[in-house]
Structures are given as C-alpha cells and as structure tokens.
Ligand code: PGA
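What follows is one chain in structure tokens, specifically the form predicted alone.
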Amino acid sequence: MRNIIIAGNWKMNKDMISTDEFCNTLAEYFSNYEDDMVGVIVAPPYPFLQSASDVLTYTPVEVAAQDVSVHKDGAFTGEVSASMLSSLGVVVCIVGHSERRQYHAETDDIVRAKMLELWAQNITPILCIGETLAQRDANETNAVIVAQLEGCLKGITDISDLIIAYEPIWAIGTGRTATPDQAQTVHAMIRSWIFDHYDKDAAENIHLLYGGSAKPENIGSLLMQKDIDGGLIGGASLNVEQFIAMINTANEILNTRRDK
C-alpha cells in the first residue's frame, strides 16, 4: 500500500524568523504524535533550507528545495547545484513547476536535465506537470500531460525514485480546484501511462500528488481518490495550523485504509 505524502511548497514566502516559528511548531506537533505518520515534506526558499533542516532534524519531516540548476558548477551567478543541495542534506527537490515553466521558460528538456542532476546526487525529484485552462477547455488535457511525461522522462528507464505532482495550472493560486473526479481521472491516466511505458511495479508504487489550491476543506475528498497519493500544497502550506490540519486528515485516511 502506498503511503500518503503531504508536501508544502512555500514558493517565495517567509523570512528566517517565520521559517523558524513554523518549523518549531511542526516539530512540537511531531513530538506529541506517536502514530504512524504520513510522509511530510516542506520546501522553503533556498536561504532557509539549513535553518529548516536544523529545526526538523529529529522529526520525520523531509526538507526539500524548490528548484535546482542544470549545471554541476561554474560561472552561473545565482544558480544552486544538486551537489550543493546534497551537501545540506536535502533529499527531495521540486522540478518543472508551472511557474518555472511560465516565468523562466523551462522546457521539458530542461526539467529532464535537472532530474538527472538530482538523481546523480541521490535526491528525489518531485516532477510537476499540468495543463492550462485553455488546454483543458479544448479537451487537450491528456495530450498535454502525455507530452510532458514523454519529454521529461525521455530515455529514463528507472523511475523508482520519483514523485509526480499533477498541478492543473488553472487551479494554482486561483482558488479554483479540480473536482476530486477531475483530479482522479488525470491521476489514473498518468498511472496507466506509467504502466504502459514502464511496468506494473512502477505504476503501483509511484506516488502521484495533486497540487492546485488544495486546502484543509478539500484535501480529504481528494485523498479519498484511488490514484491520488497526497498533495503538493501551495498557499495553505504557509499557515502551520492549516498544514497540520491536512496532515491530520491524511493520517485519518491512511489509518482507514490500513484497517480495511
């Protein structure tokens, strides 16, 4: 049975003080919780990775980076390499987020190169894919998702160390959320594609997360879907009480599954 993952992408938010406050509250929460936990990930901005890691050292929370360079090292001002992330103990990194694709012109080829850099440092990529509202309205969702999968995973034969996040671009930061049925349909299609292009084990074991205005009010109905294994949370992950509420919901659902 796949675990549930609740991942928080803070984007360009918080400062050192608010990062410490958030992480200390999260650490205190875990110190009082004895049950088996869902997988929890937080992705602060680069400057606060070490601080977050220090506070969360003795918790099950993994600290992730929000992006990585395609370059190993060199004269690339402002870039951060996979080896730098590894030296901080970072074991997870988001790649291909729609905001990177939109504002930084990142292509599937660039995303693929970033994943290869991460894997070389034993860092798990969270690969983001998703369609625009115009593409959904034109019934192009499946074609767009398949093209992104084919482009990002071209020539990659082993995806055992990969998480995929389906993020409909039209639902990111808009307050609009894909219905559970809409999200499940795309997740099922992604899992089917993995089955066809890899094998049964890969399809059954890979974690598929939903991202796009997920929050405490709707996370439960999303996680109840067969092929949705967690959430990549944006705005709602900035509030530690809301983030913990989503962890609690995920735990309840996970325990229900285990009892069946």
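In this text the structure is predicted, and so the values were computed from the model without any measurement. When you see a residue number, it is the position in the sequence shown, counting from 1.
Heads up, the form predicted in complex with ligand PGA isn't pictured, but that's what we're talking about next.
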**Prompt:** Is residue 131 close enough to touch ligand PGA in the predicted bound form, meaning at least one heavy atom pair within 4.5 Å?
**Reply:** no
**Prompt:** Is residue 40 one of the residues lying within 4.5 Å of ligand PGA in the predicted bound form, judged by heavy atom distances?
**Reply:** no
**Prompt:** Does any heavy atom of residue 212 come within 4.5 Å of a heavy atom of ligand PGA in the predicted bound form?
**Reply:** yes
**residue 234, heavy atom within 4.5 angstroms of ligand PGA in the predicted bound form** = yes
**Prompt:** For this chain shown on its own, do 99, 167 and 172 all sit within 4.5 Å of ligand PGA in the predicted bound form, going by heavy atoms?
**Reply:** yes
**Asked** ligand PGA isn't shown here, but in the predicted bound form, which of 225-233, 41-49, 58-66, 192-200 has heavy atoms within 4.5 Å of it?
**Response** 225-233
**Prompt:** Taking ligand PGA in the predicted bound form, which residues of 1-29 have any heavy atom within 4.5 Å of it?
**Reply:** 9, 11
